[in-house]
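One chain is shown next in structure tokens, namely the form predicted on its own.
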Amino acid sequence: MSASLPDNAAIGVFILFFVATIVLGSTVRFWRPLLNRRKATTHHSQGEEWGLGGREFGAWVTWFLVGGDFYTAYTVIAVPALVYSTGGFGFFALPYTIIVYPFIFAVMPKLWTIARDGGHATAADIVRARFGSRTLELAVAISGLVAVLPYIALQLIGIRTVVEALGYTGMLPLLFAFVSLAAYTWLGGLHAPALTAFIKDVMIYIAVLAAVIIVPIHLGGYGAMFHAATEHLPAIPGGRIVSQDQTVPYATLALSSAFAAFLYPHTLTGILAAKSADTIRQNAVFLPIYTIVLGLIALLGLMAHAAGIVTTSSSQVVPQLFLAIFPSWFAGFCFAAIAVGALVPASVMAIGAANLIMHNILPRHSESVTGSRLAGLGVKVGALGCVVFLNAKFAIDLQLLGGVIILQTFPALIMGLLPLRLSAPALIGGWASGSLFGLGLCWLDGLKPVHPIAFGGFSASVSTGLLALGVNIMVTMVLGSVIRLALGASPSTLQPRQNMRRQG
């Protein structure tokens, strides 16, 4: 079954829904007061209002915001593309989204409380207050900033992909993606994605539910669909979902992705914008609903095989499937859902990165809304450069590359909450070692997210991010011991600061 060419109906429906979302988000400051007529009881600076929404989002808004910036174009474009190319291996995204929620429930309320009490807006704020180190603060801030660039690039690819599926080629689709994201974020701040995330989710749910019901009907049912998919994918002995040599990379990618997921500036921004720690716990309980939808979305990669979709670009799998199965006007609606599904989280990502720049890299200008907007624009330019210059085989590799980088902040931010004898110099040494090691492996492996290792007769490919994190922790612990021995430190000498209020 070949995909039909999009017509004016598809283009018109796409423009209607996509532009409407941008307009709603860009004008949020005018219509938001109509939804909340209660008088504000707390004064927030303009910078905090633009970057954290005034820390006033309740359970409902936080659920859509966190879910909206967690389930992105990565979900709708990249995961089905990986399943289309590799089969069951692409489903590693499901266990990682299950592993991460107990982590959110246990850790994130504590981080939120620290951030509220100390007036912190970023992970780097928390780390500096904990360890009293400007250098460590910069290390965490730079890691967050660099890690989010390929993630935003993935969202730009998502928007570009559906615009290309509508028949536009060249640089126009990418420029369209960049300009729409820049306008949406500049004018709306964090309130834009927070209050339009529900539109994105409803559109995604409609598109996905229609796909998992209508596509199998067209293909003769799920049994016929799975049978057709097995004829196109490499055969795996013994009826296994993943091959023997895929088991370790499957498990380690799931684990490293779970550790990294809520270290990113955008996911942490969604957490810190909540109005209470209980709001975060409630979300940790109900966010797994998104994982069910993720599993259905991943099936689109198998459906594409059964539908006879053949494409040289794996990112085009889902758009071509929709064009082949759905009426043109509904395909246009689904394209708008994918584009909005990239726009909303990309906006939160840019805002989270801008918070790092304004609070930690250029802290003297932290309350400037214009400065934050310009910083966010600069981040999006950097992400545009990632799309143009990083040659990743799969779109999902861009997200996994960001995971390698952001995982190096785990010891300082998460292990720093534990009663461990960690010192800033040791953490900086571990961060530098892990970052250089991880990025070096990524460069040598052509941006692949796994690296082959062999030890004592055991050989397998392991998540590069997890390997780099292991190096980070090992160096941190060894350096910490060396520093204590060199200084003759007592157990209390190198304890982190207990004053968690923001420094400087």
Partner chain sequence: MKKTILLLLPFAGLLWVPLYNRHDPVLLGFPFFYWYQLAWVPVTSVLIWMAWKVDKQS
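None of these values were measured; they are calculated from a predicted model. Residue numbers count along the first chain shown, from 1.
There is another form of the same protein, the form predicted in complex with its partner chain; it is not shown, and what comes next is about it.
- A single residue from the set A336, A424, L302, L111 has any heavy atom within 4.5 angstroms of its partner chain in the predicted bound form; that residue is L302.
- Proximity to its partner chain in the predicted bound form, taken as a non-hydrogen atom within 4.5 angstroms, holds for one residue of F105, Y168, W329, F178, which is F105.
- You can rule out all but one of 428-436, 287-295, 199-207, 149-157: in the predicted bound form, only 287-295 has residues with a heavy atom within 4.5 Å of its partner chain.
- For the chain shown alone, I142 is not a contact residue for its partner chain in the predicted bound form, no non-hydrogen atom being within 4.5 angstroms.
- Residue contact check for D278: one or more of its heavy atoms lie within 4.5 Å of its partner chain in the predicted bound form.
- Using a 4.5 angstroms limit between non-hydrogen atoms, F410 is distant from its partner chain in the predicted bound form.
- Using a 4.5 angstroms threshold between heavy atoms, S85 stays clear of its partner chain in the predicted bound form.
- The putative spot formed by L138, I361 and T370 is not touched by its partner chain in the predicted bound form; no residue has a non-hydrogen atom within 4.5 angstroms of it.
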